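Take a look at this single chain, the form predicted on its own, given in structure tokens.
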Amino acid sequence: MAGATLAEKLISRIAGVDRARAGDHLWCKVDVALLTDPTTPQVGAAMARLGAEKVFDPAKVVIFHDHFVPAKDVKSAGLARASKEFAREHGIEKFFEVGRAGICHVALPETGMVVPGDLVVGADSHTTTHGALGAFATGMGATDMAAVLATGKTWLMVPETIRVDLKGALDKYVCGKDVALALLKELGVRGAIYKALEFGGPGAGDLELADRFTMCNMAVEAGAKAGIFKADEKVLDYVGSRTDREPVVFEPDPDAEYRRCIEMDVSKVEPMVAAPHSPDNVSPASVFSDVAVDQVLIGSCTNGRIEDFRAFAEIMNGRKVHPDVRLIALPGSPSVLEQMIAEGIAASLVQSGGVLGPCTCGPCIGSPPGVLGESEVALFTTNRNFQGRSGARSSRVYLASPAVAAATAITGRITDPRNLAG
């Protein structure tokens, strides 16, 4: 019998079986259930239809008010109020209101709720982010989430795994976002449907957690059920400073059976950009040097961490935003904002001609601040650039890293940051 992948070992634990195999359908105990302001009312309504009167364990449920921050209209204000009332009704203490909430996939790891070995499910597709901590993390719809809240369990079909072996070290001005985009160019948006993306190899351990979070976040853009890194010392140090819960660490077996194996030399990855209207429409940033932009956004659950703003600030380095460009920065959490203030990044960003906004998903989902007008062109550090997602259907969004975003904000055109070195 072939050995087990990370996904198979994780699901074996959470399902309480000796050996989970790809294709098995198993009932699994949930360790963390994640909700947000637009999804909580939907899940609550689904619970009512199921006749469920209480959640399985209020301590394992967390709700972030992060999509519409502050509320953009009466409807979104109603969603926020309904989410708060749901938390009160069910005794959910981990409800994070505006000012205390961050973007869920940035802020949830900061709470210490997720440790290696966990099953994390969320009513948001980018829940895959948390696989960077050696957990099995995946998104699902309102009805499935309602069943989770009622029972504490969910069923999973054990996914086949695509192994991504990384070697080499990232070049200067290259980060996990560039690796994720390069992988999407290879896989396409349908290349990993209901597969687990297992990141490993000698280059994986050299990646910072911020890079790993970004890569697992964007695993779903290839259709993946989960993106997973093995929990190493960096992960254990991170979670150990936030919780007393004991991690359960797994490694894939040397003879694990994979659907496909991909080798990536990350030292050869250069700054990448995804052109409209798909995250797999990827080419080197230098290809787009003639593309002028109206707006640059740094933030989101993909690139809203302090490491992202540090990379951005290193490129800006006292330079001014191009007069034809709107620069918007949205920190991923209050703690990220605090660090930006402490390190002088927030002040320098404003002095450069940018605007610092709240901790929100915002323009990534077509919500303020930063909705695009007719025929406008933007470069975002988000994960999706579907037509009309971030504003007018005639607008166009390019996806890139914080370093590319900074260089583009300075020049007014999509720019490889290596061209501004020094």
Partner chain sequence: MKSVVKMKHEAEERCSNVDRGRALRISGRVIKLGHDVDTDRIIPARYCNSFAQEDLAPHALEDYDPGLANKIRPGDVIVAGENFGCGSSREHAPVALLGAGIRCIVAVSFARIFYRNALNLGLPVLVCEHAFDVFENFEEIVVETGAGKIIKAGTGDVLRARPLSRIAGDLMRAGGLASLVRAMTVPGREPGD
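The structure presented is a predicted model; accordingly, all values stated were derived computationally and were not measured. Residue numbers count along the first chain shown, from 1.
Missing here is the form predicted in complex with the partner chain; even so, the following discussion is about that form.
- Checking 370, 358, 38, 354 against the partner chain in the model of the complex, a heavy atom within 4.5 Å turns up for just one residue: 38.
- The listed set 256, 170, 98, 147 contains one residue whose heavy atoms approach the partner chain in the model of the complex to within 4.5 Å, identified as 147.
- Contact annotation: residue 287 falls outside 4.5 Å of the partner chain in the model of the complex, judged by heavy atom distances.
- Contact annotation for residue 19: none of its heavy atoms lies within 4.5 Å of the partner chain in the model of the complex.
- Using a 4.5 Å cutoff between non-hydrogen atoms, residue 347 does not count as a contact of the partner chain in the model of the complex.
- Under a 4.5 angstroms non-hydrogen atom cutoff, the partner chain in the model of the complex lacks residue 377 among its neighbouring residues.
- Here the chain stands alone, but in the model of the complex its contact with the partner chain, taken as any heavy atom within 4.5 Å, falls in 147-155 among 172-180, 242-250, 147-155, 291-299.
- Heavy atoms closer than or equal to 4.5 Å to the partner chain in the model of the complex belong, across 14-44, to the residues 23, 25, 27, 38, 41, 42, ordered by sequence position.
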